[in-house]
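Taking the form predicted alone, here's one chain by itself in structure tokens.
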Amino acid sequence: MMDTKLNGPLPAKPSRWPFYFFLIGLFAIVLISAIYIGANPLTFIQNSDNMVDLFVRMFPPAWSYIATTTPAMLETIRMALLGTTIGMVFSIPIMFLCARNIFRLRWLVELSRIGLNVLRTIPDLLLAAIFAAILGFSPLAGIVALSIFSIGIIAKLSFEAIENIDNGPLESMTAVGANKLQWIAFGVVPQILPHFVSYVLYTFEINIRAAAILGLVGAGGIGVFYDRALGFFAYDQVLALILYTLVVVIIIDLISLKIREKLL
């Protein structure tokens, strides 16, 4: 029988100094950045009177304002729904073009990813302002802006999911002579469909919040009433709108969560 030395020297513990240096460096970067941009925490204390005055003027909320703004809230939900649906449709070819395990042409994949990054770089408010100038101050500008915004989110999350699928079924289909469309339809789509639906629902939740403020740049929806109430310093109406939006978002989040739980 072989003797085993159980009482040998224990391996040395890894040094903690790299972690400490990382924390010190991170703190230094945050501190220097705060100093550079003039982020002084004392500003909150110095302006505390303004904050208290604002909160006092918000209460009680103008509950009657909710009835006035309900058509605009419904318009906001429709904008988010249409924007998400259009974005979902256009994101389908883009997400396949961006996946390295679907298309082997490196230039095509990289070009598709660059285009997707361009879409994701432009903020939704800026998109809404641009299309409001082109299409006029209407919900259509908000829908187009949300559609482009949705493409960036859905396509990005989906192509990453595609690249993490099991390649076994794809190799089997290739071995029996399946073409690219059959490959995608029967080897890729069944694996990513639950994730894709989950990403679409998640994007819809985000678009509800985004659509609520697009009216600030003239793109329709409940944001028009936010802009009006803020312009007249009617903070009780602003608080009523905030609470109204909060309730709508919570309801949609709960419904979306239940659907995602069934899928995943």
Partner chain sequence: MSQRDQLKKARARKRGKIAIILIGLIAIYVWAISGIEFRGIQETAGPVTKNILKGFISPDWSYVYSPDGEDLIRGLLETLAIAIAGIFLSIILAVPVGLWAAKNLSKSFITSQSGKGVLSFFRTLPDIILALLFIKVVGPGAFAGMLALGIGAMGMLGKLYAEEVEAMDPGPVESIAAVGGNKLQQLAFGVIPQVLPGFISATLYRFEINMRSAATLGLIGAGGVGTALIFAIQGRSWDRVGIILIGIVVVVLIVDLLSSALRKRIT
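Positions refer to the first chain, counted from 1. Source: prediction; values computed, not measured.
The form predicted in complex with the partner chain is left out here; the points below concern that form.
> Within 4.5 Å, heavy atoms only, which of 182, 121, 164, 172 is in contact with the partner chain in the model of the complex?
Looking at 182, 121, 164, 172 one by one, just 121 meets the 4.5 Å heavy-atom criterion.
> Among the candidate residues 176, 134, 193, 105, which is the single one with a non-hydrogen atom no more than 4.5 Å from the partner chain in the model of the complex?
Only one option qualifies, and that one is 134.
> Counting only non-hydrogen atoms and a 4.5 Å threshold, tell me whether 154, 159 and 254 all contact the partner chain in the model of the complex.
No: none of 154, 159 and 254 comes within 4.5 Å of the partner chain in the model of the complex.
> Answer with yes or no whether residue 51 is in contact with the partner chain in the model of the complex, where contact means some heavy atom within 4.5 Å.
Judged by the heavy-atom cut-off of 4.5 Å, residue 51 is in contact with the partner chain in the model of the complex.
> How about residue 101: is it within 4.5 Å of the partner chain in the model of the complex, going by heavy atoms?
Although the partner chain is absent here, residue 101 would stay clear of it in the model of the complex, with no heavy atoms inside 4.5 Å.
> Would residue 188 count as a contact of the partner chain in the model of the complex, using a 4.5 angstroms cut-off between non-hydrogen atoms?
Heavy-atom contact with the partner chain at 4.5 Å: absent for residue 188.
> At 4.5 Å between heavy atoms, is residue 67 in contact with the partner chain in the model of the complex?
Although the partner chain is absent here, residue 67 would stay clear of it in the model of the complex, with no heavy atoms inside 4.5 Å.
> Output the sequence-ordered list of residues from 230-251 with at least one heavy atom within 4.5 Å of the partner chain in the model of the complex.
If the 4.5 Å heavy-atom criterion is applied to the partner chain in the model of the complex, 230-251 yields 230, 233, 235, 238, 242, 246, 249.
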